[in-house]
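This document starts with one chain, in the form predicted on its own, laid out as structure tokens.
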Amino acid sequence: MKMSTVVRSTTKMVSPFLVTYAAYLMLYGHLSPGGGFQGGVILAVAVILLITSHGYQKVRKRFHFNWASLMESSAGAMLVILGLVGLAFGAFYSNFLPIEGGVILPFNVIVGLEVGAAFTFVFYILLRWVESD
């Protein structure tokens, strides 16, 4: 189903702000309400909005299925590596970074990428299943 021009134009204008807000939530989640999960969900919503308004075929050319899968799996691996590096400093996810928030900042960013990619990946899989019917 093709959406109207108003919906498509509005989605194109709103999506960059959603991505920016998602990045803000991921980067400042250790200082304010928010965090990686919330930022990741908003990041996925930006992509899902584009898919629903412009169609799966058109958006899939820019946001490839394999990229979502690769980002999701590599973010999971980075979470494990972050925990193991902390183990070298005394405990799993030990706070070893001398920055404000310590290990929470990279943890939030990685969780945001993981959640955003996972939701996008699930949405792609659901769309493939719908297309096959």
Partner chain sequence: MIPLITAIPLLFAFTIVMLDTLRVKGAPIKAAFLLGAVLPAGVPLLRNGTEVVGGWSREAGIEVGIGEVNGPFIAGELILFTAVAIYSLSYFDFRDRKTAKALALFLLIHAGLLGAFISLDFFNFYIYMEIASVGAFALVAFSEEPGSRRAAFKYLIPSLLASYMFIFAVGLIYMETGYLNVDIVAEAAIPSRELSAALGIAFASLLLKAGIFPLHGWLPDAHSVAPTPASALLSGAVVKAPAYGMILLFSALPLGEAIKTVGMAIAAASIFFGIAMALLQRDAKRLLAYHTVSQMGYVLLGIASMNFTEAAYYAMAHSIFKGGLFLGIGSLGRKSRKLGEFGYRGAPVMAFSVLALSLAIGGVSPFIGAYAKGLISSGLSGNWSLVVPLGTVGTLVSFTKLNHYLLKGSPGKLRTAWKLSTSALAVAALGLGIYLGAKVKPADFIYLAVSAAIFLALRELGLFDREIKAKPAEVGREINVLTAVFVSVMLALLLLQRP
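Numbering follows the first chain given and starts at 1. This one's a predicted model, so the numbers in the text were calculated from it and none came from an experiment.
From this point on, the text means the form predicted together with the partner chain, which you will not see here.
Enquirer: All three of 38, 51 and 57 touching the partner chain in the model of the complex at 4.5 Å, heavy atom to heavy atom?
Expert: Spot residues vs the partner chain: no contact at all.
Enquirer: Taking 4.5 angstroms as the cut-off for heavy atoms, does residue 31 touch the partner chain in the model of the complex?
Expert: Contact with the partner chain, no.
Enquirer: Do residue 88 and the partner chain share at least one heavy atom pair within 4.5 Å in the model of the complex?
Expert: Because no heavy atom of residue 88 falls inside 4.5 Å of the partner chain in the model of the complex, the answer is no.
Enquirer: Quick one: is residue 99 in contact with the partner chain in the model of the complex, heavy atoms, 4.5 Å cut-off?
Expert: Although the partner chain is absent here, residue 99 would stay clear of it in the model of the complex, with no heavy atoms inside 4.5 Å.
Enquirer: Residue-level contact is defined here as any heavy atom of the residue lying within 4.5 Å of the partner chain in the model of the complex; does residue 63 satisfy this criterion?
Expert: Residue 63: no contact with the partner chain in the model of the complex.
Enquirer: Determine the residues of 43 to 70 with a heavy atom within 4.5 Å of the partner chain in the model of the complex and present them in sequence order; the list may be empty.
Expert: Residues within 4.5 Å: 66, 69, 70.
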